[in-house]
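In the block that follows, a single chain appears as C-alpha cells, in the form predicted on its own.
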C-alpha cells in the first residue's frame, strides 16, 4: 500500500502534525495544536468545531494561504508551500464576485487568467451555470442576484477550472435557513455529479450530517481533532430523515465533549 493510500482510497490531502500560533497586541494565540488528518480522493470531508477553534485557519493552511508554525500538508503527493491554482479552488463565505463583470464572465475568470480563449470560456461557464441551476442568468450582474444565487456563481467559478480539490469555508454561513437548505441539496447533487474532493468547514451540524462522507470534530482553541465520524447514510439523502438526524445528534454529543460540556 502506498504511503498516500488509506482504506477508503487514494489520500489526496494529508495533514501532518499541524500547529499554528499568531500574535495579537503583543500576545501569542495558539490556534491549532498537533492536527493530523487524511482526506481521500472523491470524498466530502467536513470540519466542525466551536467558534475560534481554528477551522478556517486549518483550511487556509491546506490551501497554502497560511504557512503553519509547525507541521506539513501534502496535497496530491506534493508538499504545500503556497497556493496551488488548478489543483485547489476555494469558495469563501462571501461570494467575492467582481461587480463590473457579468455572471458568465465571473464564472470564466479563472479560465481567462489561465489563457483559455473566449469561446471556450463561454462554453465551459455555461456548462457550470447549468449545473448550479443558473441557466438564463449568464448576462446579469452580481447586484441583480440574490445572495444564494451569488454563492451559486461562486461555486460555478470554482468548479469551472476543473480543480482536483474544492475547499469551502462556511459558504452558506451568511444565508437564511431556507436558502441554506436549498443550496445544501444542490451542493450534494453537484458533488455526486462531479465526484470532486471537497473539504467543507461549517458551524451547522445539520449541514455536516447531510452532506458529508466523514466529519472531523475539533476541540476548543487550540484546535485539535478529537474524533472523525464516518457517515454511512444512503444517498441521495433527505435532510429530515432519521438517519441524518441521528448523525446530527451524535455530532452534537461529540462537539459538547470537545468544549468541555
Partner chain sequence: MIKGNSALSLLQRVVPHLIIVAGVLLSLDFLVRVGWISRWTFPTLDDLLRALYTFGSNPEVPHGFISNYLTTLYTVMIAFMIVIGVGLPSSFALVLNKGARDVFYPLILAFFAIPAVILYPAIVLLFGIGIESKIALGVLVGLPPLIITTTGALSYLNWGYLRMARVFTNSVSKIFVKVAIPSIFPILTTALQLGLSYTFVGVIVGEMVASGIGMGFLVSWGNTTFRTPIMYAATVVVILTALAINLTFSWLDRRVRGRMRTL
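Note that this is a predicted model, so its numbers are computed, not measured. Numbering follows the first chain given and starts at 1.
The same protein has a further form, the form predicted together with its partner chain, not shown here; the description that follows concerns it.
Q: Counting heavy atoms only and using a 4.5 Å cut-off, do 211, 231 and 243 all touch its partner chain in the model of the complex?
A: No: no residue has a heavy atom within 4.5 Å of the partner.
Q: Any idea which of 70-78, 130-138, 180-188, 143-151 reaches within 4.5 Å of its partner chain in the model of the complex, heavy atoms considered?
A: Stretch with heavy atoms near the partner: 143-151.
Q: To verify the annotation, which of these, 168, 104, 97, 124, has a non-hydrogen atom within 4.5 Å of its partner chain in the model of the complex?
A: Answer to the contact question: 97.
Q: Answer with one of 33, 60, 194, 40: the residue that has a non-hydrogen atom within 4.5 Å of its partner chain in the model of the complex.
A: Selected option: 60.
Q: Contact with its partner chain in the model of the complex for residue 175, defined as at least one heavy atom pair within 4.5 Å: yes or no?
A: Taking the distances in the model of the complex, the answer for residue 175 is no, it never comes within 4.5 Å of its partner chain.
Q: Would residue 65 sit within 4.5 Å of its partner chain in the model of the complex, counting heavy atoms only?
A: Contact check for residue 65: yes, within 4.5 Å of its partner chain in the model of the complex.
Q: Is the gap between residue 112 and its partner chain in the model of the complex 4.5 Å or less for some heavy atom pair?
A: Looking in the model of the complex, residue contacts with its partner chain include residue 112, since a heavy atom lies within 4.5 Å.
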